[in-house]
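In the block that follows, a single chain appears as structure tokens, in the form predicted on its own.
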């Protein structure tokens, strides 16, 4: 049996500036200083600004990440002109349509949208190729503004579109703090964005959703109640809303490293014959909206973390064409690895390559944590991908595989600029999977390594770090 293959990938962005206030950092800061909300609102981007932002176009696949090297920075001041909203792999959805999608995937009537807003957004969704007649029935016709106002007065969270109140979301239980409106909004945002990515992947491949028999969600949301906090299962909820009726599902939790873990687990399940076709999905993380807003406001920038990003990957058995996941070239951060950066990169890069006599320069591209530096640098977090590439290059120098003077050019040859929204798990290597698949199919690349890391200490259970890596390569039957 051949190795499992990557059959297709999709990436979507939902531009949700008016949900920034509900990100974890903004919500806490606004509670301490209500006047901050006005500053936030004055620093939000328009949809066109988000759509024409070069890293977003790289994320959905309309331009190659490497093209960003040649575009003047700051990118938010040098936007592309008339960029398409859609790509072969995905799209950038405006906020009003995303509100409609939130209502569509809400099966417990937690969200109410006003009838006036619904009347405006329904025709837009009717023209969306991934929205079906049954979805529009779930959307309904909305409720009166008075009903929304009454629910907000009773404690529901308002949903704004600029200065206009267009709806609300209410608590799911009177006494369960795990089912409050803010947490449910996080969960529904992950579900809705994940569903959109899944539908886009199925549509772009003309793939029958009934052929998916397992869905694995890599998102960070802890779906549950007071007795089963974090129990899940968003994967199965997404499968239900995507027509994957022959599928079951599971949520895989591993902080930012979850997408890499999940790709390996999915590949193993396919290779062993347990499942045939698996969808790996990562929905957007609402809690991360505006996470680094203080740095952006201090530098007179727009608030860059105003989008939910999501991805979906369809994996299947070897078809003799698509890139294979080399399950014999997996890297892992073991308990005994330690937490030094050198030890981590030796475990994730050096050891798996050494087992098969491969040198670091024999991998055509490395995809690491692809955080957009334009978001992280103003907040003091540095250029994460650049630092990762320098670590890999330094390791190659120590192995005698590169000259020391080649460290500075390693990123240009073997890497790429960071271009992913800082959505926690989403930047963890997988944003490049679609680009890598296409380049391998065209014969431009042969092997690509994907490596992700995680900070397990955030859960206060261990000080250990985490990390996994895998390689995809040209199919021998291609």
Partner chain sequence: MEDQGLIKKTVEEYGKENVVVVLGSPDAESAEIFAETVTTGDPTFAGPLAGVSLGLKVYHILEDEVKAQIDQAVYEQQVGMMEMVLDKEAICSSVKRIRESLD
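Small disclaimer: the values here were computed from a predicted structure and weren't measured. Numbering follows the first chain given and starts at 1.
What comes next is about the form predicted together with its partner chain, which does not appear here.
Worksheet item: Does residue 249 reach its partner chain in the predicted bound form, with heavy atoms at most 4.5 Å apart?
Response: No, residue 249 sits far enough from its partner chain in the predicted bound form that none of its heavy atoms falls within 4.5 Å.
Worksheet entry | Contact flag, residue 361 vs its partner chain in the predicted bound form, heavy atom cut 4.5 Å | Contact with its partner chain, no.
Worksheet item: Hey, in the predicted bound form, does residue 383 get a heavy atom within 4.5 angstroms of its partner chain?
Response: Residue 383: contacts its partner chain in the predicted bound form.
Practice prompt. Give a yes or no for residue 135: in the predicted bound form, does one of its heavy atoms lie within 4.5 Å of a heavy atom belonging to its partner chain?
Written response: Judged by the heavy-atom cut-off of 4.5 Å, residue 135 is well away from its partner chain in the predicted bound form.
Discussion item. In the predicted bound form, does every one of 294, 342 and 391 come within 4.5 Å of its partner chain, counting any heavy atom?
Written reply: Answer is yes for this spot.
Fill in: Partner-facing stretch of 174 to 182, 401 to 409, 276 to 284, 94 to 102, counted where any non-hydrogen atom is within 4.5 angstroms of its partner chain in the predicted bound form
Within 4.5 Å of the partner lies stretch 401 to 409.
Worksheet item: If you check 165, 143, 379, 120 against its partner chain in the predicted bound form, which one has a heavy atom within 4.5 Å?
Response: The residue from 165, 143, 379, 120 that makes the contact is 379.
Item to complete: Answer with one of 397, 161, 80, 149: the residue that has a non-hydrogen atom within 4.5 Å of its partner chain in the predicted bound form.
Response: It is 397 that has a heavy atom within 4.5 Å of the partner.
Discussion item. For a quick check, can you give me the residues of 260 to 284 that have a heavy atom within 4.5 Å of its partner chain in the predicted bound form?
Written reply: Heavy-atom contacts within 4.5 Å come from no residue here.
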